[in-house]
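Next up: a single chain in structure tokens, the form predicted alone.
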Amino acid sequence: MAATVMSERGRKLLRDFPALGALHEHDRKGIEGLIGLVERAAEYNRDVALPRALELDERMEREPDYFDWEMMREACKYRFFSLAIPEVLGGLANKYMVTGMALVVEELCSACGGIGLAIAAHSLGVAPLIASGAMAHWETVLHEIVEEEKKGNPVLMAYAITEPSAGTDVEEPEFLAVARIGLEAKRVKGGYRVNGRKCFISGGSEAKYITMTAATDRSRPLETWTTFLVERGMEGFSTPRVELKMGQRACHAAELLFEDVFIPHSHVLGYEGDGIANGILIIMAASRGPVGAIATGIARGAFEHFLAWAREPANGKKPIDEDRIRMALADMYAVLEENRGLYLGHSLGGDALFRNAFTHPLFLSAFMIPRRIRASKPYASLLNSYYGKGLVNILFRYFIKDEDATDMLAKASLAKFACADNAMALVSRALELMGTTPSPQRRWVEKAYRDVKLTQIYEGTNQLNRLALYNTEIAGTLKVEIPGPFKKGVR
């Protein structure tokens, strides 16, 4: 069989990521699949993101309620909304699920952090459905996303944990135990009644489905933290406002209001009280690394625009002819290489963790059952039952070990805060060296400065991520414990 000819972008990707180059020798098909994802993202940047990024940023400063649905419909052509959905369900997630997500978001965010976030926030909303093993909803919600995407209709998800009085608090067990929780999901016949607010939810105003964590007893949030699936049409649910943002404006940050919203038992993901593990820590272990990739992408875009500025003549000479500019460019290049090593190390480790769960023959055998049966109400009822959830948890505990999940959280937290801080320093230095003289390239770098700041805040502030790294790797006091089967007191 003749060898395939790799594109220049593919060769560059293997040069930029030597670990992928080494893996390519042993897994040509898998790594070339990753290259294909990055090439899709580069094409989307060229045709969609770059032509509209600056104009969209300015428009959403004037009109914060505006949302560019056309850019999301264009994203359907590249199947970006299936990145986190397993291949067995028609999605794109395979044994390089985490790595593929990270590489794609770096590429997208090199053009526009806000547009990249608008796409990535959807996958974050999908993640709790996957991580909790909520298979009853895979044949409904995830199937709908995949099928509608093929038609060019984006069906979006979002992830809601932050509350007005509890932001970073809810992402760490020690803090959640004493957090001031405002929203509460009280158990009633057939389900729960939810009252309260969530805030700063990326993509929350556009999402049809929202995965949400909430306490069922505000006086004991750690013990009762639970993950729910919310549908936009539920009575009493609304999104009363979106924020006027400084950066990443292309993706809304929305307030969610719950006024006596009824959520049925079928929409509890896992068991009541499992939310800190399958609704927070596993999600953070998977998503904080890609946030490092978002920061790296924004910084890379700033670097490229700074380099273009340095090569342009100004007052009869080019800035790049000065050694101080050349050394600054070398420092920036080193930052990008350091960041890539950090987030790729997390991503490949994450893929090793999840690969056993989602590519094992035992897992795949569940999908040998005809879809008409898997999508039926009796089958969904079985999976939603006490014993059905217990069986799924047995499988997850078999494939995913607590110590491996804890190690992944540590690497994710490190990649998140280090990449974000490095990126912030890079963009700040570029803007400082460019001075105050207006130019097209400075306009891009100024936008990157506003965009990159947010990466130090979401997915837990960088201060919390430092504590997470200390608690997991140094003190050994924080461990991710995969929920066990057949939880007592829950029926």
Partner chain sequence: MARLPEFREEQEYRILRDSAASFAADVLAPQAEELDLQPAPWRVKKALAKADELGMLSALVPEEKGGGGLDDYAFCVALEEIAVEEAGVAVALLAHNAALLPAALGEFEGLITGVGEESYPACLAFPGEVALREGKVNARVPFAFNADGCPFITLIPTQEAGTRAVTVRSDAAGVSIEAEAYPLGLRAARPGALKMEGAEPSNLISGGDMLGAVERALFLGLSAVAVGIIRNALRKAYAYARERYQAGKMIIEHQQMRIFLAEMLAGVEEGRSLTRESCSSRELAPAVTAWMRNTARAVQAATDGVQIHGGYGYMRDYGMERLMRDAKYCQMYPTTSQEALLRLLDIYETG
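Residue numbers count along the first chain shown, from 1. Small disclaimer: the values here were computed from a predicted structure and weren't measured.
The same protein also has a form predicted in complex with the partner chain, omitted here; what follows describes it.
Asker: Is it true that 143, 367 and 371 each have at least one non-hydrogen atom within 4.5 Å of the partner chain in the model of the complex?
Answerer: No.
Asker: Which of 66-74, 432-440, 29-37, 44-52 has heavy atoms within 4.5 Å of the partner chain in the model of the complex?
Answerer: Result of the contact check: 432-440.
Asker: Counting only non-hydrogen atoms and a 4.5 angstroms cut-off, does residue 330 reach the partner chain in the model of the complex?
Answerer: Residue 330: no, not in contact with the partner chain in the model of the complex.
Asker: Quick one: does residue 422 come within 4.5 Å of the partner chain in the model of the complex, counting heavy atoms only?
Answerer: Flag for residue 422 set to no.
Asker: Is there a heavy atom of residue 200 lying 4.5 Å or less from a heavy atom of the partner chain in the model of the complex?
Answerer: Yes, residue 200 lies within 4.5 Å of the partner chain in the model of the complex.
Asker: Using heavy atoms and a 4.5 Å limit, would one call residue 167 a contact residue for the partner chain in the model of the complex?
Answerer: Taking the distances in the model of the complex, the answer for residue 167 is yes, it comes within 4.5 Å of the partner chain.
Asker: Pick from 377, 324, 189, 151: which residue has any heavy atom within 4.5 angstroms of the partner chain in the model of the complex?
Answerer: Of 377, 324, 189, 151, the residue with a heavy atom within 4.5 Å of the partner chain in the model of the complex is 324.
Asker: Just to be sure I understand the contacts: of 234, 362, 244, 308, which is the one whose heavy atoms reach within 4.5 angstroms of the partner chain in the model of the complex?
Answerer: It is 244.
Asker: Need the contact residues for 447-481: heavy atom within 4.5 Å of the partner chain in the model of the complex, sequence order, or none if there are none.
Answerer: Stretch hits, in order: 449, 450, 451, 453, 454, 456, 457, 461, 462, 463.
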